[in-house]
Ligand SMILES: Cc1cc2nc3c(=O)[nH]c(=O)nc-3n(C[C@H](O)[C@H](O)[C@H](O)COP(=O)(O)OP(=O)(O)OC[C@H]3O[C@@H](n4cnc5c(N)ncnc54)[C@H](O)[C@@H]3O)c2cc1C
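Next up: a single chain in C-alpha cells, the form predicted on its own.
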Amino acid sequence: MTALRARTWYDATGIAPPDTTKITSITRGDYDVAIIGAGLAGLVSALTLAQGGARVIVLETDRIGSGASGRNGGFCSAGWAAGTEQITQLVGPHVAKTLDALAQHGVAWMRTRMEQSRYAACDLVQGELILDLNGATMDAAEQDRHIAQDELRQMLSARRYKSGVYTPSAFHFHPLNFMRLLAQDALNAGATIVETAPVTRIDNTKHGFDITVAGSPTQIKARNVITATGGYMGHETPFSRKHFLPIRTYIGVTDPMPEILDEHIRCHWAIADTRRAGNYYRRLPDGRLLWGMAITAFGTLDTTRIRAMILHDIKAMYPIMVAQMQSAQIGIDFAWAGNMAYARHYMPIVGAIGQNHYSLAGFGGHGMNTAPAAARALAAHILGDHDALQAFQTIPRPRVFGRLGAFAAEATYRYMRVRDALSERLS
C-alpha cells in the first residue's frame, strides 16, 4: 500500500462513518446539484445547498474524508496559503480585505460547529503558535501576541526558534471525525452521499448534465455540477488538471510518550513555523506527537522513508527529545502522505467553469477554514445570491502546464528550503 493509502492515526481513532447510499440502489438520478468529491469543500456545499432546499448528490471516488480533508494536520486558523501582500497584488486591496474577512468567517464557522456537543469527538483544542527561525520583523498587529525567545523556551525545549506569535482564535482537531460528523449533518439535511462511486464522464445536455459513474446502471442527471476533487482529480475533471497541481505533504505520529512531551513541548497548541515547506506539529490526546513536514511535486515516498525523514526532522529541532525517544524505543507508529491541490498563485479557483458547472478546489496549504468559506459562498450563488462569489471571481486562473509545472513547483520548493536555511544561519 502506498503512503497515499496508508492507515493514519485518524483511521485508527476515528468514530464510525455514517451510512451512505450505494450507487447500485439509485434508480432515478435527477438532482439540482451533483458534487464531485466528498472532501471538506464538497460536504459543506452539500450541507448548505440541502439546507436551502436543493436536491443534492455527492459522488465520492473513495470514502468520506479519504483525501486531504481527512488526513491533514488538523489545523484551523485564519488566512490563506498566499500571504496578504501577494493576495493584494493579485486582486487589489479591496478584494483582499473581503477575502480576509471570508477566511475569518471560515474559522468561526468551523469553531461554532465543533463547539456543539455532537461534535465532541473532534477533540477541539484552542490556540496556535507560529514560530520564527530567522528573527523576521513582526507585523504591528502581532505585537500584543508576540512571545519572545526567553518565554518561548519555557514552553518548548527547541533552541532554534527565535520568537513566536500566539493566535487564540485558531485551533486544532481530529479532521476525519469532523468529516464524518459533517457528512451525517448533510445526510440529515437531505443530501445523498455515494461513496466508492468514481465518475467516469460528465456530459452536457440541453437540460444540464448526464453523469456516468462506474458500476452504476443509472445515469445521474443534474442541472448543476460542482467539481470539488482537490488533489485527487481524475480524468473526469480536465479543468482541474489544467489549473491545479497535486502536491504531496507527509505526516507521522509517534508512539505514546506523554512524559517525554511534558518535558519538551509543554503547550497543547497547534504549532507551525513560518517556512513555506516548514514543520507543523501538535500533541494528540493519547500522548503522541503528530509531525508534518516536506512538500514534493513528484512521486510519493514510502512509509519506511517517511518514518526516517520525520524522525530526522524532529531531531533537527528537538535533539534531546529524540535521544530520549530512542532510549525508550519510541518510534514513528503511523506514517502517511496526502495530496493537496495547488494553483500557481496558491489561491483557490471558485466559480463557473462552464454553464452551470463550477470549480470548488485549490485549498492546499490553507488549513481547514477557507474551503468552508468558499463552499458556502458558492452554494449561496447557486441558491440565488449572485453577489456571493464576487471576491472569488477576481482571482486569476493560470495554467499549471502539467509536468513542466510540476518541475517548476519542485524547483521552487527546493529554492525556498535553501533560502530559509540561509536566512536562519544569517540571523
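The model shown is predicted, which means the values in this text are computed figures rather than measured ones. Numbers follow the displayed sequence, beginning with 1.
A second form of this protein, the form predicted in complex with the named molecule, is not displayed here; the remarks below concern that form.
Site annotation in the model of the complex: the residue of 368, 373, 379, 56 reaching within 4.5 Å of the named molecule with a heavy atom is 368. Contact with the named molecule in the model of the complex, judged by any heavy atom within 4.5 Å, is made by just one of 209, 280, 269, 119: 280. Only one segment in the set 35 to 43, 382 to 390, 48 to 56, 397 to 405 has residues whose heavy atoms sit within 4.5 Å of the named molecule in the model of the complex; it is 35 to 43.
Among heavy atoms of residue 164, none comes within 4.5 Å of the named molecule in the model of the complex.
Proximity of residue 75 to the named molecule in the model of the complex falls within the 4.5 Å heavy atom cutoff. Contact check for residue 106: no non-hydrogen atom falls within 4.5 Å of the named molecule in the model of the complex.
Using a 4.5 angstroms threshold between heavy atoms, residue 184 stays clear of the named molecule in the model of the complex. Although the named molecule is not shown here, in the model of the complex the stretch 81 to 109 places no heavy atom of any residue within 4.5 Å of it.
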